[in-house]
Structures are given as C-alpha cells and as structure tokens.
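Next up: just one chain, as structure tokens, the form predicted alone.
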Amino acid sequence: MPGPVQSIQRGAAILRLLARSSGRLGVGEIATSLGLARGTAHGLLRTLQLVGFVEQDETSGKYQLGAALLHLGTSYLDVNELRSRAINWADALAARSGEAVRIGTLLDGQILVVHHVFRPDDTLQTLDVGALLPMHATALGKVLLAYDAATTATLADGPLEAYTRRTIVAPKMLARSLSAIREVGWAVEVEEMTIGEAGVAAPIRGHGGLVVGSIGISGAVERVCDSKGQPKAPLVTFVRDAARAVSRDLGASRW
C-alpha cells in the first residue's frame, strides 16, 4: 500500500498552523515553526495560494487562510446529517431558553462546532461554527466523553489543560464527573472554560442509540444557574427535550 504523500502532509500542517495563528505569518515564521527549509515552505505556500487555500497580504508579504477554505467548510456542513437534522430544533431551543445554542461532534479529540444559534437578543456575538473546543472543559465535550471510553482513555495519558481554576484536570475527578453524566443523561460546566459562563448539554443519538453528537446552551452563570450554582431545572429540560427530538429525527428508536 502506498505511503502518505509528504507534500500534502506539509501543506496540511501549514493550513493548521495558519488556523491557530492570531494573525498573518511570514515564510520564515512558517518554515521555522514546522522545521522546513525556507524554499520548501515558500513553494508549498505558492501552491496553496494558487488554489485559493491561502492568501498573501500585498503590503507585508505574510500569509493567512484563503476564502476557498470557507467554501469547503460550508460544503462539509451542508452534507453533515447531524447539523441538517438539528437546525430547526436548535432554533427552537434558543427561543425557549433565551441562550446561545451549539451543536458539536467529535473530531480528533476535540469538539467541532457544526452549528451555532446566537442568543436571541441584541448583544454582540461571534459565530462559533467550525471552532474546536476542548472536551474536558465544556458541557458539549463532557457529554461525548461520557459515552466514548476510547477518547476518555487518551485524555488520561497526558495532562489536561486548565482554562480556569475550575477546569477539571485530574483524570480521576474527570472520570467521576463522566460517571455522573451517564447516570443523569446530561452535563453541566460552570466557569470551566470561560470565567462568568456556564453551559448545559445532552447527547444526540443515532441508529442503535449510538451517541453521535451533543447539543447544548451556554450563557452567563447568573442566567444559566440558580443561587446554589446548579443549572436551572427548566433549562436542563429544554436541552434534554431538544436532544431527544434530534435523536428521533436521526433514527434513535429510544426517542
């Protein structure tokens, strides 16, 4: 069987590097970061530019991701059954809860946000579609971890990143949290990813009851949680009802 094509691997590494960067990067910066010869990096960038995957700033000569990638990402979302089946239910959940709604699925040990509905008010918000979120620090992620022993095992092998002082970083504590999620059927996170924010999520199931994604709300702690720091019961009900509705549409017989 033929092995991997090195040039494609390197091109993909450049795209991932640009995606992680907070700004444009020069040829030298890219070459140094990836351990490539400057000429090799420049050739790869020129090829990626020709197909629209990267763009070069005329003034600085530095590179950023290109618009063609947006089209590819949109095409992926259009054929993603989880997203297409959940869109209407996500809109309804946002209206009922008054909070932002996200739908996520597992991708390389992280949560890929495949759909995002803004909180139904006039506040300034940023679209999270395509964002990758940590599994152990989000309600969306912990729900999926609770039903995926293989992914949970990989997290136990290395240190977990602490995003706030409330992030669960101890593997044993995370295991207890995931066990509790399986018992109640939903997950909560309170300031584990971002100070001042909380979230509630529930699993989305497909044929045979297999967990294929998660749906949840997120918002300010004072809106999502009660005076004891627990998620408000009506919001938990709204999230679980939405998850069941999407699961039914995906063919889960239990709902």
Partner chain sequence: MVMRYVMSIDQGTTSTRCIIFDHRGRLVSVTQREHRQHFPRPGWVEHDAAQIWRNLERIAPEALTQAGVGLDQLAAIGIANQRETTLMWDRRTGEPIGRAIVWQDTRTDTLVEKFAARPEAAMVQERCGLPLATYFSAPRIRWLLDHHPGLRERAERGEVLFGTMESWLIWNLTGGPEGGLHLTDVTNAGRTLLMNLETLDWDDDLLDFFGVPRAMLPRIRPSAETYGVASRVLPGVRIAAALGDQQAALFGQTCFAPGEAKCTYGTGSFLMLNTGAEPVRSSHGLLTTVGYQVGDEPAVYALEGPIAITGALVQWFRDGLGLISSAPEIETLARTVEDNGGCYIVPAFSGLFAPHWRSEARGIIVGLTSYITKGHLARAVLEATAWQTREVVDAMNADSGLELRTLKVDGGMTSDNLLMQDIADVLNVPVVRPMVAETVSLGAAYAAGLAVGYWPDLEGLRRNWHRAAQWLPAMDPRRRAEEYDNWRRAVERTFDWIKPHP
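Numbering follows the first chain given and starts at 1. Please read all numbers here as calculations on a predicted model, not as lab measurements.
Absent from the display: the form predicted in complex with its partner chain. The rest refers to it.
Taking the partner from elsewhere, Leu127 is found to have a heavy atom lying within 4.5 Å of its partner chain in the predicted bound form. Shown alone here, Asp108 lies farther than 4.5 Å from its partner chain in the predicted bound form, counting heavy atoms only. Heavy atoms of Tyr163 never reach within 4.5 Å of its partner chain in the predicted bound form, leaving it off the interface. A residue is said to contact a partner when one of its heavy atoms sits within 4.5 Å of a partner heavy atom; Thr151 fails this definition for its partner chain in the predicted bound form, lying far away. Judged against its partner chain in the predicted bound form with a 4.5 angstroms heavy atom cut-off, the residues Arg24, Gln56 and Thr59 are out of contact without exception.
Only one of the listed residues (Leu133, Val169, Ala95, Val184) places a non-hydrogen atom within 4.5 angstroms of its partner chain in the predicted bound form, and that residue is Ala95. Shown here without its partner chain, the chain has Arg83, Ser84, Ile87, Asn88, Asp91, Ala94, Ala95, Arg96 in 83-105 lying with a heavy atom within 4.5 Å of that partner in the predicted bound form.
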